[in-house]
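Below sits a lone chain in structure tokens, taken as the form predicted alone.
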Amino acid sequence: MAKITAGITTSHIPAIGVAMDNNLEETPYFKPFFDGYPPVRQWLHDNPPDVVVLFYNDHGLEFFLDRKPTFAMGVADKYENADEGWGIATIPPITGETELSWHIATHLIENDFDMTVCQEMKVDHGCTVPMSVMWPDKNYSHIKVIPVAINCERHPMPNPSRCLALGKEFGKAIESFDQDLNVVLFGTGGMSHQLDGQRAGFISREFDLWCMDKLITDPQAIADLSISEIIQRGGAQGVEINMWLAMRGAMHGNLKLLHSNYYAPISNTATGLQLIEHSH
């Protein structure tokens, strides 16, 4: 049977990818951020996943404000990146996974989650930056990825409790798949940040560290918050914690926090990194 071996939280800020492309990892601005990643990269090298289920939010590349599914997932065998509107270079495609992804999609819809199932889908920095930062030099083509997009851009957005519940169904679906696969979950985005409006530049270290603790010990405490409460405490884009909750919901066994790093700001955004080992 397929098994979930770990959950990883990571930022997906576009500036991170640019920094890697321009060899800026050792500069004072970026070094405290990138110094957090070698232990996670080493763990992934020592415990290679067959599949990564990657929870992210699309920022307007595939789903714009005119049509924004609450939950969408890919079932394709390949996902291309594209220019997101500011001249960003295209990068190597993400390798997809079809059998497990269709199994998950079927399970979710049969269990009351009305997913938008995409046989073709462009993926933006929300998906590609986490893969690039975990496998430097964009050496990720050997990893099969199931991208799962959660709406964090247009109201109404799914409640945190709904995202935690979505993750729980993902976990059930993965562990009912009848092939021996090692699956690692990525919860991407955040942490606290607000990119526009009167509170542009807002960051709350207190809220971020509370979320990092509760994600391990009591995820329901985060899930009990409303979207409005998260915006008040974590900024307008702090709702990206929903991807972390979906990842956490899929893990129900014994959890061990192997590594953690928090740093702010990168591009007016707080960043959190956690490696959570999962066993039964």
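In case it trips you up, residue 1 is the first one in the sequence shown, and so on. Because the structure is predicted, anything quoted here is derived from the model rather than measured.
The form predicted together with another copy of the chain exists for this protein as well; it is not shown, and the discussion that follows is about that form.
*Asks:* Taking the partner as it appears in the model of the complex, which of 155-163, 141-149, 181-189, 128-136 has residues with heavy atoms within 4.5 Å of another copy of the chain?
*Replies:* Residues of 155-163 come within 4.5 Å of the partner.
*Asks:* Is there a heavy atom of Ala105 no more than 4.5 Å from a heavy atom of another copy of the chain in the model of the complex?
*Replies:* Yes, Ala105 is a contact residue.
*Asks:* Looking in the model of the complex, any heavy atom of Phe207 within 4.5 Å of another copy of the chain?
*Replies:* Although another copy of the chain is absent here, Phe207 would stay clear of it in the model of the complex, with no heavy atoms inside 4.5 Å.
*Asks:* Should Ile91 be classed as touching another copy of the chain in the model of the complex when contacts are defined as heavy atoms within 4.5 Å?
*Replies:* Residue-level check for Ile91: no, no contact with another copy of the chain.
*Asks:* Report yes if any heavy atom of Phe33 sits within 4.5 Å of a heavy atom of another copy of the chain in the model of the complex; otherwise report no.
*Replies:* Taking the distances in the model of the complex, the answer for Phe33 is no, it never comes within 4.5 Å of another copy of the chain.
*Asks:* Which residues in 54-76 have a heavy atom within 4.5 Å of another copy of the chain in the model of the complex?
*Replies:* Those in contact are Glu62, Phe63, Leu65, Asp66, Arg67, Lys68, Pro69, Thr70, Phe71.
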